[in-house]
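Quick heads-up: it's one chain on its own, the form predicted alone, in structure tokens.
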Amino acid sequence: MKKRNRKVIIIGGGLAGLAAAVRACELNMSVDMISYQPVKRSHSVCAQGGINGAMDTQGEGDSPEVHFYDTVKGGDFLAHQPLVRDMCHQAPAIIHLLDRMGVPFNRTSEGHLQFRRFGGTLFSRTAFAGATTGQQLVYALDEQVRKHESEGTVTKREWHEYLGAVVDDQGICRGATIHDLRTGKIFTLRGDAVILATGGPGNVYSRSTNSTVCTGAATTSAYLQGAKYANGEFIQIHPTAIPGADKLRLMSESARGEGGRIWVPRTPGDSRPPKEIPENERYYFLEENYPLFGNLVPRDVASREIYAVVYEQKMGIAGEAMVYLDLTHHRKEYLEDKLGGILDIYRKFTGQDPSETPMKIFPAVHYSMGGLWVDYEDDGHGMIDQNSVRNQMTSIKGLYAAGEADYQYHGANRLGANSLLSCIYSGLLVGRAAFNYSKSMDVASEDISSSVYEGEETIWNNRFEGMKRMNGKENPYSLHSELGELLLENVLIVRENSKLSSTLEKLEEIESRFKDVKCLDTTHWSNPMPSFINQLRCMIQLSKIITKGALLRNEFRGAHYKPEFDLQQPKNFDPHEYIDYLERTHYEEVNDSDFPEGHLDYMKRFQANNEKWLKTTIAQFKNNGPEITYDEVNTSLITPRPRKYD
């Protein structure tokens, strides 16, 4: 009997894709790895600060259960809890695995792994390799994949683009359509399963901290083929980035984890150099407003505070939309050891030395908590069944997603240093799921009629030829810039329904104008223009998902801030009051006199809001746009409660 060759196609060469490839190879699968650019330039290398894992090497009392609580609380309880719990319990083993692979983590003088603090927690649980952790992790995992590549198990295709899934007449994914970016050739690959590990969609906005290849086109292509897209409205704004006309460059949360302080002059318009402003004339607003967490409040909280200080209180630096991130109280040697990578970035793009002059920063589009809807299966004990074929599978059978391309792990707001963890955890999880799925298949992809693949090649070749013939008056790059500026203006930190509604109307106008773009280059060899036009088509559709989801969600949760629906938590409120309130309502009637003034009314409003909005947003492509429905969130392990960080 002919031996079956089990094969998985992995789209994306970042941390999630590499982790999936390592696991698939360990299970004796063949891997086709597709990467839009060289794997070592995947956007994962831009992650700076570290990877979370509660190993408590410093005796602070941390644990995976505390990490689990911090994560679901940080995400405003919008993440499925068994998944988050399993990830947090696997985190120490993942860090040890990376250590054995040769990641040069910082160490204490005794030789132990060193951990720093990150936002949303009171514990040191972030392992790091200076301030280039993402790069070191990518290089270590790529080395493992290259070993399998040399053995012939992995075929790596760099400078290739995923266009869409090959789906048969039963709705099952049987492979992928690929575009060779050098030659322009479009072809299909057969695979038992396809894994999308293509990162986030930051460049839907015209300026972000993302690499320019992060357009969200691959996940949107799956959505256009029928896959569900979840929680698209939850876009993380990172509090600290270097403002720039071309793009925004990340200043890692590790700067604050190492004691960086955010402040502005107390006197609006004060134009003195920062070192000349005395300590008593500086407004350390995060430390004053959130004394417990200080500069390490979660990112959504910090971004809103900076926005309020700059725009509402008019206290930016000399009237500009910036605040100071100050590291100058540290020794230069200390900063170079812990933060050298990001300090070099700041020096390169501003010409100033952060060890001598406070950095000027402002919030920037950074990460998408939303992504393709994917499934999971718990084990009935608050963890995940690691062998389930359902883990990380999209609503298209045989098509999986992992990393930032999926939606599962961060809820309404991601805690810093959980991204690298979720990428590697979901990559390892999806690699096993794809293997078990391939074993369960009734018909292997190698037995599917060639006409299924030829049909997809014909569709995409005709589509690209059509784009090359486009000869309208619209410049696609200008149209993309207009699209991105529209989202930056109206779908960012503070959201208003009137602006969101008008944005949807303008998106329809942009889509109409898209039909009149001009393909500025019609050659075949190394021509990025048709590819970009196709990506722009996807970005317009993804913008609709983000904007419509934001318009319909009438609440304030995590990164989604609508002031109109802020429940106005009382200043002296204790979240434990809410747990007490829930328990008491089971057996007695509670009255205003049982709680401080105004607290009972607030808790009733919070409970009613959760009953309506503690749900996952599901977008499906119908009638040329997203149809929005809502799914329940698994909150079986920790009772959702109001967040408080002060």
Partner chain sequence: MKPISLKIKRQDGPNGRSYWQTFETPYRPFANVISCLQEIQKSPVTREGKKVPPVVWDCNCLEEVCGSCTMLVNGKVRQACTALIDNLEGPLTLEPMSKFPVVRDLQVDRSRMFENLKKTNSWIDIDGTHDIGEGPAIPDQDRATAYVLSECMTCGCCLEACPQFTLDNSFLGAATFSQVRLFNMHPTGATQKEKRLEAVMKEGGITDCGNAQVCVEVCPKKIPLTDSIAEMSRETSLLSIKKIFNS
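Positions refer to the first chain, counted from 1. In this text, all values refer to a predicted model and were calculated from it rather than measured experimentally.
The form predicted together with the partner chain is left out here; the points below concern that form.
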Worksheet item: So in the model of the complex, does residue 111 come within 4.5 Å of the partner chain, heavy atom to heavy atom?
Response: yes
Worksheet item: Quick one: does residue 42 come within 4.5 Å of the partner chain in the model of the complex, counting heavy atoms only?
Response: yes
Worksheet item: Would residue 266 count as touching the partner chain in the model of the complex under a 4.5 Å heavy atom rule?
Response: no
Worksheet entry | in the model of the complex, residue 38 touching the partner chain (heavy atom, 4.5 Å) | yes
Worksheet item: For this chain shown on its own, do 23, 102 and 245 all sit within 4.5 Å of the partner chain in the model of the complex, going by heavy atoms?
Response: yes
Worksheet item: Of 395, 527, 461, 357, which one comes within 4.5 Å of the partner chain in the model of the complex, counting heavy atoms only?
Response: 527
Practice prompt. Could you work out which of 254, 132, 445, 541 is the residue within 4.5 angstroms of the partner chain in the model of the complex, going by heavy atoms?
Written response: 132
Worksheet item: If contact means any heavy atom within 4.5 Å, which of 245-253, 284-292, 401-409, 463-471 contacts the partner chain in the model of the complex?
Response: 245-253
Worksheet item: For 135-164: residues with a non-hydrogen atom within 4.5 angstroms of the partner chain in the model of the complex?
Response: 135, 136, 139, 143, 144, 146, 147, 149, 150, 159
